Each structure stands twice: as C-alpha cells, then as structure tokens.
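First, one chain by itself in structure tokens, the form predicted on its own.
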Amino acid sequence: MNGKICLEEHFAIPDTVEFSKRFCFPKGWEVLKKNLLDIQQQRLAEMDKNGIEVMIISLNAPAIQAIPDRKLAIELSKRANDMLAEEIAKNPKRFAGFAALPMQDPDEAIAELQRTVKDYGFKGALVNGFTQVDVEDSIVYYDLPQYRPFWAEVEKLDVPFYLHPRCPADSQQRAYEGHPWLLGSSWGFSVETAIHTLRLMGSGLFDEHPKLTVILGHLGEMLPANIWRTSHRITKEPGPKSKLPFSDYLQNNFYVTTSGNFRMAPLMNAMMELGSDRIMFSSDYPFEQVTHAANWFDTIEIGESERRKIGRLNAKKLFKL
C-alpha cells in the first residue's frame, strides 16, 4: 500500500542519542546511532522504498524524562524540538513532528507544547513514560494533581498525546532480577506503560477532559486483551475515581499503533476492542525495520477499507494532514 502514514518513529540529537545504547546489541550500535541522528538520507530512502508518504518523528527514549535536573530538561527539550523543526522545514511534505516535553515542570511543559504546536505546527507530543524529578530515584506519573492544568491545555490545543514506554525505575525492578532481558521492549515496556495508562483512567482524567486523545504504541501495550477483566475485577476500596468502565475510555479516548508488534492476532484483538477507526500504522524506526513493518501490513488478510484506514486515513484525520 502506498501513501502510508507512520507516527512512532524516532530520532535523536547528540545530547540524547546515548540513551538508546542500552536497547541495542553492541555490534549494532553504530548503525542504530547513525540512523537515529539521520533525518534526510537513510530514513527518507526507507520511506520511499516502503510506500510511506509521511513520517511523524519524535525524540528517542527515555531522554528528557530521565533527566532529573529541571533546568537541563527544559533546555534539552527546546533544543531537540528546534532541531526537529529545522529538519521538518527542509521537507515538510514528508515529515512532521511530536514535541519532547520537560514534564519535570508542568508549567514549562505547557509552554513548550504551546510553542511547538503554534510556532512549528507540531502534531502533538510524545512523552517517554514517567519522569524523574530533582533526584535520580524518583517516579512521577501524570495522573497526579499538578498535571491537571497540562492536560487541560492538551485538550484545548486539540492535539494527541503519545504515551511512549520506558523501563521500570531501577528501584522497581525486583521482579526482573536475574532476568534483564525482560526489562525493555520484550515485556517491561508494555507493563510499565499499561500501569501508567490505567492510573490515568482511574484518576478521573477523562471524565474531567472527555476530549483528550492519548496514543499507545505496540497495539495498545497489552491493554486491549485485558481491559475488560481489569475493569470488571476492581473491588478494592477506595476504588478508582473514574465514572465509566475502563473499556469505555480505551474506546473513546485512545488510539493504538502497530509499532513493533507485527502480528495478526493482537491486531485483530485491537480491532475488536477499539475498532479499526482507532488503529494506525507505525513501524518504530529505527529500532524496527520499516521494511518488516510495511511488508507485514501490506500483506495481512484484512479488508482493503480497513487497510486504508489503518495505514493512512485515520492518521490523516487525527492529525489534520
């Protein structure tokens, strides 16, 4: 299929690129590093080869969210967003951007989102999970009260918020001891992101801001398969502050992408739980191969109307492309 739009695709600036080294086999680091720092060469060639018209690009993980120093986080997020805007301006028909945000300071995050959306035309924000604030061993989630003004601004600007994974904090990794292979994209990413998402749902956020749109990668970080049971089995007192079943929020306030999860069964599960109008194609470049993602998506046995919606039309509508 030609004309695909993808939106969990990453880049790095020299100040953040080393954050991605831990997610790569040693022999592959130099290639991954080169591809993260590149925008106009190999990336564009991969898009052309695989029928991708537009790529929405975001900063690598965990990057800004793993910088406890507020001042440095603010500085680097602005630098990364400025560099991304410069690259998009060179080829605006093929590239768009998500803002990196210094969630260490909610007011500064609001200001940076406003700046990048209004001045640069960014399509929203991508934030890499919880944020470390002031000290290394800190875990700050966005269901906390200090982020309510931030969410109000996201809703007001009418742009999506992409909640991207990161590893569980070092102090929360006892279940992974002796099994470090579980920590990253194989398992820990999805667990961490799913918990964060459930916290947002249970906090009453989407009752207060019903027009909020949140995007999850990897076909929903396992949530579509378990959202009914999670909601059904909540019995502890006090319970969540939310008014509706969690499945309602997943269906009304969330989109999921195919990034890094090229498998028919979870795709069908997501289609049954959310509907094909709420799924978008992505690859997770350069951590995954665009060719692998595109070949899988272009040949899976779904209807052509669903393929066009997931591959292009849903993103075109959501991001007003």
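A quick note: this is a predicted structure, and the numbers were derived from the prediction, not measured. Just count from 1 along the sequence shown to find any residue number.
The protein also exists as the form predicted together with a small molecule; that form is not presented, and the subsequent description refers to it.
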Task: Residue among I57, A61, A294, A270 with a heavy atom within 4.5 Å of the small molecule in the model of the complex - done: A61
Open item on the list: Counting any non-hydrogen atom inside 4.5 Å, which residue from K78, H196, H218, R94 sits next to the small molecule in the model of the complex?
Closed with: H218
- [ ] With heavy atoms only and a cut-off of 4.5 Å, decide whether F246 touches the small molecule in the model of the complex.
- [x] no
Open item on the list: in the model of the complex, is there a heavy atom of the small molecule that lies within 4.5 Å of any heavy atom of H164, even though the partner is absent here?
Closed with: yes
Task: in the model of the complex, F287 touching the small molecule (heavy atom, 4.5 Å) - done: yes
Task: the small molecule contact at S190 in the model of the complex, heavy atom, 4.5 Å - done: no
Task: Whether H10, F23 and S185 all lie within 4.5 angstroms of the small molecule in the model of the complex by heavy atom - done: yes
- [ ] Sort through 279-287, 45-53, 65-73, 262-270 and report the only stretch with a non-hydrogen atom within 4.5 Å of the small molecule in the model of the complex.
- [x] 279-287
